[in-house]
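Just the one chain here, laid out as structure tokens, in the form predicted alone.
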């Protein structure tokens, strides 16, 4: 009982996981869409969208302008979390490990270590889980502190270290999230550590904790059931019955508690008290394991009370019920063999209901699912069943995608028909503008180089006005003429010419710095204009490329995707057949086992019925013979 109870606690712990969060105000709608699907439990759709968004973000030229930039850490965390929820443990582990080993803050690193440890725990890799927990150090986010300690305790329990697990479980006794579960698991830890008295005390305490919801109530009932069973096995029947009586009559453990309570009273030879819980239980769902046993136990108690007539009637009722249930099981086995069980499981409208397993019974020719409840609740069967359902979902999605390729090809064709007539004229005009822009770029580069040279080697003549070089040329021509005809002109003409040339040189020298400042200012204004021209040019190039990319090169990709989808459908079909056959075999074996048990019950009821009739007849004969 201790090991089974422990596993129940571990499974409950494995199901507890923090919901993904945005980490602030939502700015990226695609990330929000992925979170929406995740909150609905559709992790495949969430992965499909978020994985695409993260890859697109990684390929943009300026990631800081992308809206996902503000949530990239949360998005990568959520991507690993979605993969984990979809049971893609290998990819989830790699994604979270990448964050863990990156340059992140302490709180983020600890959060990543916790998620990695949870992945290892769910994969039953306890040493690796403990190693990941050992990497948690320093600042721990408040939201996951209790989660970390509860996970640590469960890893230690799974490794067979109940003494070490007791410390974090004791610390969690007042936790709002894990208080009840921690109290129950602490009792199991004491039980595993062979501290029986401490286990009894702790389970008693766990069975009386305040309940904040259905989960806490279930844990409280489970604690009382486990403790009562321990005392029943020890022979302390009176105390055991008290703990069984604590279990709610409408809880998930009520049937087992009622059955055990009756046996505790029977063992204490309190037959009248045993009739009460068994009477309640025998009127419940006839497919329940405990209820079927109660149908035999109740007339047995009446037999002990010498009420053999009533016992005979109840045995007869039980025999009729068992016969009807055996017929249902036989029909259910045939239904599964015909494939109707898998067809019912794959129905989308059934699985959208949280009680979809119960709704299977309402479908025509569906198996008797109440007999499969224990099987359906087992971890191994749930994993196999979920794999089959995921394969069915993926098959449906691939069929949908396959049908959508025609639409994509039509869309590409429409875009091609729209852009092809426009592009030749646009390209012709663009080539003209491109040549002019390249010329301006070369001229601008030359001016920039000249300015830089003037800063190191002053050259006043380079900053002369348009008129000044012409004036200088005319003066030099006059000088040459005066030299050739020096005898005809007075010296004063030569001196005036030299003064004019000196005045021009003086103007160039004295105005050089002002002219250089003005040149630099004008060149800076030109820099801004060139930048605008370059931005518009780049924008056009991108737009032109986007127009071409919207219809060019898709044919080969679509053809390749068609082949991949077709091959994937073949593989999925094969996997579904194998997985479905396995599920059917396991389900049939479970139903055959239940049918064999009912047949055994029927045999016992048949013999007991005959014995009760004999005893009732003997008692009546003795009564009539009495004076």
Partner chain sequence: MFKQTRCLLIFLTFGLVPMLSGNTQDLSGDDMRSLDGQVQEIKSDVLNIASELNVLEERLLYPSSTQLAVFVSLDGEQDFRLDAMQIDINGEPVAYHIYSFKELEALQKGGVQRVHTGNVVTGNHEITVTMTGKLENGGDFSESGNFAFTKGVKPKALGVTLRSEGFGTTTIQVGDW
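Positions refer to the first chain, counted from 1. Keep in mind the model is a prediction, meaning the values are calculated, not measured.
As for the form predicted in complex with the partner chain, it is not shown, yet the points below apply to it.
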Any chance residue 131 has a heavy atom within 4.5 Å of the partner chain in the model of the complex? no
Even though the partner isn't displayed, in the model of the complex is residue 279 close enough to the partner chain, meaning a heavy atom within 4.5 Å? no
So in the model of the complex, is the partner chain close enough to residue 415 to count as touching (4.5 Å, heavy atoms)? yes
Please check if residue 63 has a heavy atom lying within 4.5 Å of any heavy atom of the partner chain in the model of the complex. no
Okay, which stretch from 139 to 147, 256 to 264, 426 to 434, 113 to 121 lines the partner chain in the model of the complex, with non-hydrogen atoms inside 4.5 Å? 256 to 264
The unique member of 539, 196, 135, 473 whose heavy atoms fall within 4.5 Å of the partner chain in the model of the complex: 539
Single option in 519, 300, 419, 512 placed near the partner chain in the model of the complex, where near means a heavy atom within 4.5 Å: 300
4.5 Å heavy atom contact with the partner chain in the model of the complex for all of 207, 216 and 345: no
Going through 380 to 399, which residues have a heavy atom within 4.5 Å of the partner chain in the model of the complex? Please give them in sequence order. 380, 381, 383, 384, 387, 390, 391, 394, 398
